[in-house]
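In the form predicted on its own, a lone chain appears below as structure tokens.
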Amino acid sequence: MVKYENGIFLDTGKIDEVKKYMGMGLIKGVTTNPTILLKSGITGGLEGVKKASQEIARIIGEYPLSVELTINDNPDKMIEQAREFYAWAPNINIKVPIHGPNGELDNVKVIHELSTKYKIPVNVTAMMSAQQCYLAAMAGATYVSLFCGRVNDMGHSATDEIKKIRQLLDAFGLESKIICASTREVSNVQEWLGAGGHIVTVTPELLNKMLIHPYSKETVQMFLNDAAKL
């Protein structure tokens, strides 16, 4: 049984980072995409992705791992690949962009079919508005990923969009969880969770910034100095 808990998901494809933060009890899942895997040094094509995904899935146990499709222009092949990825481990869910690069709408049908016919959990990604997230939830998404950092970059308010999504999900009894992605700053995490997001994705670097405070370091050093004097 996969645990779909609220909190922080780690954005990484590095095994040692997953082990580190799972050991601290700080993360409730891991998200990857081709860009993250490339930055993490994953090689070997799909076989390399499979190997890394299975190892991460094993480390995080009952928590979910998001793996993104590498096909986005053929619905039948997308479904075939999604079923292949899902078979790698029981806690894998499939990331599918809300639409194609030119606005093609086949992805929504793929999302619906994976969710309803094959009972595969789907994380719908690359969304920039509450209305997109609402429609993805209607299609059957387990997670709706709003790219909050990019929403802010465009001059809009991510917190406003999160509030709108949460209101719609609650009003219509939709079970999708809101993932707040594309996190830029430490303050985003509390801000977006406070606005109604269920999950915020963070990089290891950002998680370290959340943990380490210069005044905490100064205080700890003071304690150690005074302890030595005793």
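Sequential numbering from 1, following the sequence displayed. Please read all numbers here as calculations on a predicted model, not as lab measurements.
What comes next is about the form predicted in complex with a small molecule, which is not displayed.
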Is residue 150 close enough to touch the small molecule in the model of the complex, meaning at least one heavy atom pair within 4.5 Å?
yes
Can you work out whether residue 65 and the small molecule are in contact in the model of the complex, taking contact to mean some heavy atom pair no more than 4.5 Å apart?
no
Against the small molecule in the model of the complex, would residue 188 count as a contact residue? Criterion: heavy atoms within 4.5 Å.
no
At the 4.5 Å heavy atom threshold, is residue 58 in contact with the small molecule in the model of the complex?
no
Using a 4.5 Å cut on heavy atoms, which of 36, 195, 52, 174 is close to the small molecule in the model of the complex?
36
